[in-house]
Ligand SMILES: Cc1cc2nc3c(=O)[nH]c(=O)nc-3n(C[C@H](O)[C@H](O)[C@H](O)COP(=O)(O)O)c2cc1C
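Coming up is one lone chain in structure tokens, specifically the form predicted alone.
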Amino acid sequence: MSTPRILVMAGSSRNGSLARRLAAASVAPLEARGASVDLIELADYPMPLYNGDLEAESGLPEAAVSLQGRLYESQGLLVVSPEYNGSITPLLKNTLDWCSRPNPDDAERSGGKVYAGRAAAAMATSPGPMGGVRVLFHLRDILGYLGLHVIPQQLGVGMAGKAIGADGRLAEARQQDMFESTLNALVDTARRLA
């Protein structure tokens, strides 16, 4: 049985981010399912707002090239996003956009090749009762457009400030089951696609 590498990112870099807490909570269950986990912080990959003229003048930011390498080495991607006005965060969209760009210096590990054919799962958090369900539609569409195989299982965690315990488990047994089911499906799909 292969050991798929799963890259985990939260769409927020804010201190105390609920999305970051849920992303961190996914590490142990993913590892228990036989995955190797690469938990990243988007704050470690600062990039200017995407602009085609900037790209033409300066090429890809060093942070984008570095993150492309980590994406390329993975077989799966878990994205946990908070909901900003019904959609994903500008930070997350900008990161996904920069990483989708081709790098003339490394054509093999850049552009669409960092996404294509890999498994992906989408999760959302919200301090409100809806659990970020609106962001899941947008996130799934974007990930699919990038060429990722987005698994059907997904999770929106509402009232996330109270829903995620200090132990990293979800307070509601039903949500914890959905969380684990989604992670299991991600690992299985990544393993099959590898």
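All values derive from a computational prediction rather than experimental measurement. Sequential numbering from 1, following the sequence displayed.
The following text describes the form predicted in complex with this ligand, which does not appear among the structures shown.
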So in the model of the complex, does residue 126 come within 4.5 Å of this ligand, heavy atom to heavy atom?
yes
Is residue 9 close enough to this ligand in the model of the complex to count, meaning some heavy atom within 4.5 Å?
no
In the model of the complex, is there a heavy atom of this ligand that lies within 4.5 Å of any heavy atom of residue 186, even though the partner is absent here?
no
Would you check, heavy atoms only and a 4.5 Å threshold, whether residue 84 touches this ligand in the model of the complex?
yes
Checked 134, 140, 169, 149 for heavy atoms within 4.5 Å of this ligand in the model of the complex; positive is 134
Given that the partner is absent here, state which listed stretch (99-107, 69-77, 112-120, 84-92) has heavy atoms within 4.5 Å of this ligand in the model of the complex.
84-92
